[in-house]
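Presented as structure tokens, the chain that follows is alone, the form predicted alone.
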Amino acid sequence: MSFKEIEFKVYDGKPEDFSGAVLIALSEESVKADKAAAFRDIISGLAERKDFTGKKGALTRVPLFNNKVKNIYLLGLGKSEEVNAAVVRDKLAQAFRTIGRQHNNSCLLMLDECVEVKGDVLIEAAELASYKFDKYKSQDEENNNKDEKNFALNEIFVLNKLCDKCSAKGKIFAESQIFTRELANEPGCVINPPVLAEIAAEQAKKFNLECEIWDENKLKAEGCGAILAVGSGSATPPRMIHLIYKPKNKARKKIAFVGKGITFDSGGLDIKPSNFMTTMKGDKTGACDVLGILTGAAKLELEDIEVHGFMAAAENMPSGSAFRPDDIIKARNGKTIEIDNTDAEGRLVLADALCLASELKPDAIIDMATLTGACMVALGRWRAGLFAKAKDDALAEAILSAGKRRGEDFWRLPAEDEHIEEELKSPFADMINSGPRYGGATFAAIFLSQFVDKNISWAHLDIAGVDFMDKETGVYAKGASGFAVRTCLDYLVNL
């Protein structure tokens, strides 16, 4: 794992005497302001020439000579009224990534007076920026750009002490998301369902979690026909993984997370076109998220929240033993499903997992999955879909608020629609697994709702558009994002 822990320290000297790089984050209004401050002459000179105006995301490097300070980096935060924790976190991550790659070992951070953020935001920005998935790249400098590969930043100095509690929380949030990214980035030739189960068992042992793993024989005995059908075409059998975090005190709340863990998705017999099959190693991200959330819950030592995690792992492959269109399968709760499309497999593995989660009678179930292209078409690549019924407004609002605090954007979409519910009907079974083109994301949510106890609050997170980043941006490296991990941990912390 290419990831560096960065130490935060307090600097009590004059900024002009700092030995290292100085990062000054400014709003547009502060760039224009005429007031005494460190390096004000440099800022004013650049502003006068329009070389730096404080535009959001702008980063300008000013090399200095014959000074203790070797480089000044000016970071634009945009208009002051638009500066919030999400903007600060993303733009600082962008700046830290650049500073670290330009051979700076230490950095003094000076924040605009309009910035009011806690230490967890700064910690997240620094540690998430340091991650890069490069374990399979050779170390030959002739073939790799050294500046892009090496991240030299070891320590960041601030002018005021950070809250220890906030800093610890930010570190755990960042580490949990980075662990999830690393797992989701692994290719299908490295991680298949049994291997994912082994990793989960190792993490459970390391963090004192309870862990139960059902193999294909146990799944058959327990009536989990949906996940067995999806995994039937692969040489590696499916696994259902159940992790439990139990607090030391009596639990006030019980929350269950359910994740889709398709370790590779070819589409099955309804095979995907080749260009849609690339990145399908990431179809396990929902399950990886769940593992990251459970380990994060253990590190946070939640006092009175019991947390369950279900990882439904299978590989969807075409073969002579693969499930077929027109097949009728039975989920754990006894409901039958006619297969219309074998590439609508994620909702099938989730069906059995949601049944198991419902049997625990938790206060809430939150599932997460790279489920539908329809959600990506609706919301783009930077926002995830959140589906919840009207009765579960409180749960939906709690998740939306947590996402806002962590800078992960969700948009609520309908989980109820009587017309789409009609399309769920099959003439031969209780339901069909894939419907018409229009309303596909809501169809999938309504399908999943058939396997959740109606008395349990439930939310479905469709992360298909945000699970993989084509390029570095903000806190995200290229590759798996681990989207929703920090949101869900924030939700738990604020229950």
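Please read these numbers as outputs of a predicted model, since none were measured by experiment. Note that residue numbering begins at 1 and tracks the sequence as displayed.
The form predicted together with a small molecule is left out here; the points below concern that form.
Residues of just one listed stretch (117-125, 258-266, 156-164, 407-415) have heavy atoms within 4.5 Å of the small molecule in the predicted complex: 258-266. At a distance threshold of 4.5 angstroms between non-hydrogen atoms, L371 is in contact with the small molecule in the predicted complex. Within this chain, D289 is remote from the site of the small molecule in the predicted complex, having no heavy atom within 4.5 Å.
E186 falls outside the set of residues with a heavy atom inside 4.5 Å of the small molecule in the predicted complex. Mapping the unseen interface onto this chain, D392 falls outside it, with no heavy atom inside 4.5 Å of the small molecule in the predicted complex. Scanning K79, H103, K425, K272 against the small molecule in the predicted complex with a 4.5 Å heavy atom cut-off leaves one residue, K272. Among A344, L209, V88, A402, the residue placing a heavy atom within 4.5 Å of the small molecule in the predicted complex is A344.
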